[in-house]
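One chain follows as structure tokens, the form predicted alone.
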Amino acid sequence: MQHLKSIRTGAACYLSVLPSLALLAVFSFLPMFMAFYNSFFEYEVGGARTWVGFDNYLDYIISDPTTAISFLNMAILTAITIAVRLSVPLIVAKLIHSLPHERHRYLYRLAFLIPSVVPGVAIQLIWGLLILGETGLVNSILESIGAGEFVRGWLSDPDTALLALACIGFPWITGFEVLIFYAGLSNIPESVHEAAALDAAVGVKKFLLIDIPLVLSQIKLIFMLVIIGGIQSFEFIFILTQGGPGFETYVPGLWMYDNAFSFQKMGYASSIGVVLFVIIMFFTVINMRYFRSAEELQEAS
């Protein structure tokens, strides 16, 4: 009787999950499989499909003149983003966590979280028009300090466009990363802090040798999210530079978008999407297989 009751309870649990699984299959898995399928065809929306096999992939990887420069730009932007989002928010979270009063810690967490409600597009437009524009804040400051020779259109100059895009969001303190790192620091047992104090591990030494190893799980999470976002992202480039000047700020995601919705080359765009998917899966497997979290390090020891 008890066994039958367990079966019924399990069946009810699985049935309750089915609607969510069905929606996930229709709106996530099906488009993904369709992208794989469409990548082997040449076609426009509403037009006839022509089987081309792996030609789309070969053209993109071997013949497309944008491939090398777009992947280089993507790698540079992603590397800069990894460096700042794994360091600056962690330092800020540590500073907040070190405050003596919980009320003050709460107020600072709230202060860093409030900017997250501002739409990303608005922030990008503010940076593009009011800060990095030809009459923006950066150029105004340069002129006011007598460094007018450095004034330029930061997003229109080929020498500075990519770096200017990387600087958007300075000082790169986002509420999400701060809260994630703060949660990791809060989960460190008090006994660890007491042992560190006995061993004279305080200040920067404690932060480097104790705090960072114990928030590796959070670092691992943020690292992977930044990798995925860096490979997929193109919206802010589309808004601010459209990949220009020339191809100086082009990234694969923007080239995929242009091929799909500007050139109507849906099969070619699908092949670019599949290539990006494979790259993301590669980094995901590497991250899961070789980057060890704090819990895994504790189990190993």
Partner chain sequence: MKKTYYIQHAILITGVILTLAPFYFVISNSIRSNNEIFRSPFAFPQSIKDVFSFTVLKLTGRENEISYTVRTTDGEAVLFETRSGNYAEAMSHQWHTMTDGFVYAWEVLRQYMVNTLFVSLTTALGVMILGSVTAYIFARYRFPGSGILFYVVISVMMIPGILTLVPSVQLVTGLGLRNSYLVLILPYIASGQVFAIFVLRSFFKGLSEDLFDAARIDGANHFRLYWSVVLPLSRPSLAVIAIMNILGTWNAFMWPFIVNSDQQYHVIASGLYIMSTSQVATNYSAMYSAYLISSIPLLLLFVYATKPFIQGLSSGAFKA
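Note that the structure is a prediction, hence the values are computed from the model and not measured. Positions refer to the first chain, counted from 1. Note that the rigid core is defined as the largest set of C-alphas that superpose within 1.5 Å between two forms.
One more form of this protein exists, namely the form predicted in complex with the partner chain; it is left out here, but the text below deals with it.
A.B. asks: Heavy atoms within 4.5 Å of the partner chain in the model of the complex: which stretch in 160-168, 137-145, 204-212, 77-85 meets that?
C.D. replies: Selected range: 137-145.
A.B. asks: Taking the shortest heavy atom distance, is residue 286 within 4.5 Å of the partner chain in the model of the complex?
C.D. replies: It does not: once the partner chain is placed as it appears in the model of the complex, residue 286 has no heavy atom within 4.5 Å of it.
A.B. asks: Answer with yes or no whether residue 43 is in contact with the partner chain in the model of the complex, where contact means some heavy atom within 4.5 Å.
C.D. replies: Looking in the model of the complex, residue contacts with the partner chain include residue 43, since a heavy atom lies within 4.5 Å.
A.B. asks: With heavy atoms only and a cut-off of 4.5 Å, decide whether residue 70 touches the partner chain in the model of the complex.
C.D. replies: Contact with the partner chain, no.
A.B. asks: Can residue 61 be called a contact residue for the partner chain in the model of the complex at 4.5 Å between heavy atoms?
C.D. replies: No.
A.B. asks: Just to make sure I understand: among 242-258, which residues lie within 4.5 Å of the partner chain in the model of the complex, judging by heavy atoms?
C.D. replies: Sequence-ordered list: 242, 253, 256, 257.
A.B. asks: Is residue 281 one of the residues whose Cα moves 2 Å or more between this form and the one not shown, with the core superposed?
C.D. replies: No; that C-alpha moves by less than 2 Å between this form and the one not shown.
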